[in-house]
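The data below hold one chain only, encoded as structure tokens and taken in the form predicted on its own.
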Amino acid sequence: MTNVITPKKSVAVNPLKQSQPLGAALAFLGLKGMMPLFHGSQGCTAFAKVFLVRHFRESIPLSTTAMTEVSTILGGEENIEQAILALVDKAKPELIGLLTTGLTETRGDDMGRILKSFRTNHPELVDLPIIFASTPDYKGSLQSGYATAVEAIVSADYGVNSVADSQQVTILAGSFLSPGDVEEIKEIVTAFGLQPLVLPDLSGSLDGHLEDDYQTVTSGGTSLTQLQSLSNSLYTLAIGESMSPAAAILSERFNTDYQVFPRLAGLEAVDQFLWKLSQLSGLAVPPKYLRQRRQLQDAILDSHFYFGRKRIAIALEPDLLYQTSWLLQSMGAEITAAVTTTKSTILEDLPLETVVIGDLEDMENLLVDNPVDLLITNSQGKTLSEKLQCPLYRLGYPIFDRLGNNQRCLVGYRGTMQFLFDVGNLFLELEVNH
């Protein structure tokens, strides 16, 4: 069992984690016709918008209740009402994702009462779903905020679509999956003759595509019609341990069995996923994936010489840390230092002795007398990698100094191969230069 250490620091010196509202907004952006609405100051929304624009290099629809000093003292009920009415008038969203910030959570706005009062005052908007997620900045991280939003999405009542599809499978996509990862998962599930209902589906909204017209809300993602058909799914596949609570909610609401796949990279993990799809569909694994499996075996054979006994440090969100560390461990690498952002039950099952819940300063302290061959974290780790004179492999959020984050795929047989080639080439380059 991995020992989880939480340093008692009063301040993050070189921050690693991102806030819960940012994670919740990311999840909401996976729904079609969505407008995420931050209940907080304009600065909270501006930061999240810049962050997501720099990572995805796309226009990001976000809005705010624009709390001021006066409204923070007197209460934000009027700001919420005005913001929703303005959005309905100008952006015409199909759904609104309302999330709180540290400012309004600290003030203690009674969001349940405020939303109930809004519904009473505006019966004409009875058909507009308003999905609420409580996401204070001072707790958790991007991963927990994202998970909270997904739980809110699957808990909401959207009405019922009576058209049943016996081949529909709900896929709960964790925050560590990129739009390219989600696209790959949809393609795999469809190859088995199953109909994937992905929640949230970032591959439809943040995959990097040009629209014919300017869109004020998300142009793709999980549609309202799909949300109405959630009860029709025959099974739920949760990708990422953080999706377990949402899967449990679906199970309780619709009596839908589920299985959690903590990772979807590596030979064994992908084998288990395809085996489950084969069981659900009653079909054999398509020849395309049998060939990809052989290609991955060859990639492992070619690259394992460069991974053996390499010392690697990782600083990532819990789900992504879990997937990455187990894959590297299976290739013969040694994870000598690990830092993550927030608590998770999955941290106790990592292939290393200790993991620290902290920031990049904690990572630096771990590496002072223990040099490594590679650092894996987001773009904020660039300064640390230069200081340690070791290469940096960029992973997680944000990645603002590399292109193609929308299409990047690191799951499935194909994605695993890409990861091994990426990292293997870094090690190969080090050997050539020495």
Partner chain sequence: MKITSGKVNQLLTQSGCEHNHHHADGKGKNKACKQQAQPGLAQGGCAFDGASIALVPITDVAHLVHGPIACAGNSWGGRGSLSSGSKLYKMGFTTDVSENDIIFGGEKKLYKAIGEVAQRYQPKAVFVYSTCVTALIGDDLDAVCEAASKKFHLPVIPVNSPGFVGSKNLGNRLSGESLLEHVVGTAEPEYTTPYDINLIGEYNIAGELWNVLPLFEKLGIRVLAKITGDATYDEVCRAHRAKLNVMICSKALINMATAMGERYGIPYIEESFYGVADMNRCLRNIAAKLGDTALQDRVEKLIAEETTALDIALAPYRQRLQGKRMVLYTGGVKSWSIISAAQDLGIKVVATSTKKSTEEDKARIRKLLGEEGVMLEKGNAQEILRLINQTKADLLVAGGRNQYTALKARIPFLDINQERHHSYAGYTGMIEMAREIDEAIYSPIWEQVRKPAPWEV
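Please read all numbers here as calculations on a predicted model, not as lab measurements. Positions refer to the first chain, counted from 1.
Not on display, but discussed next: the form predicted together with the partner chain.
- In the predicted complex, no heavy atom of T354 sits within 4.5 Å of the partner chain.
- Although the partner is absent from this view, T377 stays clear of the partner chain in the predicted complex, with no non-hydrogen atom inside 4.5 angstroms.
- Using a 4.5 angstroms threshold between heavy atoms, L277 stays clear of the partner chain in the predicted complex.
- The closest heavy atom approach of Q42 to the partner chain in the predicted complex falls within 4.5 Å.
- By the 4.5 Å heavy atom rule, the three marked residues L87, L103 and R107 all count as contacting the partner chain in the predicted complex.
- Screening 194-202, 181-189, 132-140, 313-321 for residues having heavy atoms within 4.5 Å of the partner chain in the predicted complex returns a single hit, 132-140.
- Taking the partner chain as positioned in the predicted complex, the residues of 71-90 that bring a heavy atom within 4.5 Å of it are, in sequence order, T72, N79, Q82, A83, A86, L87, K90.
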